[in-house]
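To begin, one chain is listed below as structure tokens, in the form predicted alone.
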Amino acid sequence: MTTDSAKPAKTGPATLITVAPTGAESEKANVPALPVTLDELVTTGKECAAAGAAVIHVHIRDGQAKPTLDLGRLTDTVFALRESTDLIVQLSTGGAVTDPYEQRLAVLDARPDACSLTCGTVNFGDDVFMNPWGFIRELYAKTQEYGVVPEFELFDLGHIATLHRLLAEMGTPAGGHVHCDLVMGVPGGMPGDAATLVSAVAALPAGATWSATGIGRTTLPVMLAALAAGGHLRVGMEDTVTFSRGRPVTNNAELVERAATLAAIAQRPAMSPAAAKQMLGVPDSR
């Protein structure tokens, strides 16, 4: 007779891991490991897919490694990542805090699988990340028109109220499923702790799935709280460039590997890109 201790452990639902490898804040001169060229992004995508990522959240840089929303570069990046990996390609529509609304809307013309859609304005350190209601509506309408699956980025609890308003006024997103990312620990946004995460999750629309992102030193507390609460994970050098105290991140893959290891310990192993497409409603044809 098999004892409980000898029975194989049961695994729960899989964990969606998104990697955000670059962002718009860190400078290549200060963070040499930051992937900023197309070749570096493609290599990063391959490494992170092998480590357990299913989604890549993409910011791009120009020839001087400065943040850009150049449509030609965005289109080339989407094509290259699709050709080289099975990852869901999610473009940032936030860009840098100084990018104009028109360029942020035009990001969708690169026809990614998915995009970020931030549900409100937030203080972002010394800057302000502007997302007024009119822009949110216009961006959401364009995702519906183009069939691009939005990930609703929520930096504060008030953004969740805006998400409810958006869905009530404009209906379900492309793909038919609501997926959110709780961005926690940004100076000016909600703190990166377990109590806030639980409050935010309780306020989400019924049936929504969610990931959590911990900025900087909140990375590990948020990751552990998200796994405990049944959520998914976003990691990457956009969000933290320090692996541990005094030790810089070597590459994005090691952040994905750590997330995948913790997910496996929680008996919720990393989700495949195919399963992620099914969950989020991303068409297989893309």
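Keep in mind the model is a prediction, meaning the values are calculated, not measured. Start at 1 and count along the sequence shown; that's the residue number.
As for the form predicted in complex with (5S)-5-amino-3-OXO-hexanoic acid, it is not shown, yet the points below apply to it.
* To do: Flag this candidate site as yes only if 24, 57 and 94 all have a heavy atom within 4.5 Å of (5S)-5-amino-3-OXO-hexanoic acid in the model of the complex; otherwise mark no.
  => Heavy-atom distance to (5S)-5-amino-3-OXO-hexanoic acid in the model of the complex: all three under 4.5 Å.
* Mark residue 238 yes when one of its heavy atoms lies within 4.5 Å of a heavy atom of (5S)-5-amino-3-OXO-hexanoic acid in the model of the complex, and no otherwise. => Because a heavy atom of residue 238 falls inside 4.5 Å of (5S)-5-amino-3-OXO-hexanoic acid in the model of the complex, the answer is yes.
* Wondering, does residue 211 line up within 4.5 Å of (5S)-5-amino-3-OXO-hexanoic acid in the model of the complex on heavy atoms? -> Heavy-atom contact with (5S)-5-amino-3-OXO-hexanoic acid at 4.5 Å: absent for residue 211.
* Asked: Does residue 116 reach (5S)-5-amino-3-OXO-hexanoic acid in the model of the complex, with heavy atoms at most 4.5 Å apart?
  -> Close contact exists here: in the model of the complex, residue 116 approaches (5S)-5-amino-3-OXO-hexanoic acid to within 4.5 Å, heavy atoms only.
* Does (5S)-5-amino-3-OXO-hexanoic acid come within 4.5 Å of any heavy atom of residue 146 in the model of the complex? -> Heavy-atom contact with (5S)-5-amino-3-OXO-hexanoic acid at 4.5 Å: absent for residue 146.
* Of the listed stretches (57-65, 254-262, 219-227, 26-34), which one has a non-hydrogen atom within 4.5 Å of (5S)-5-amino-3-OXO-hexanoic acid in the model of the complex? -> Among the candidates, contact is made by 57-65.
* Asked: From first to last in sequence, which residues of 150-168 have any non-hydrogen atom within 4.5 angstroms of (5S)-5-amino-3-OXO-hexanoic acid in the model of the complex?
  -> Residues within 4.5 Å: 153, 155.
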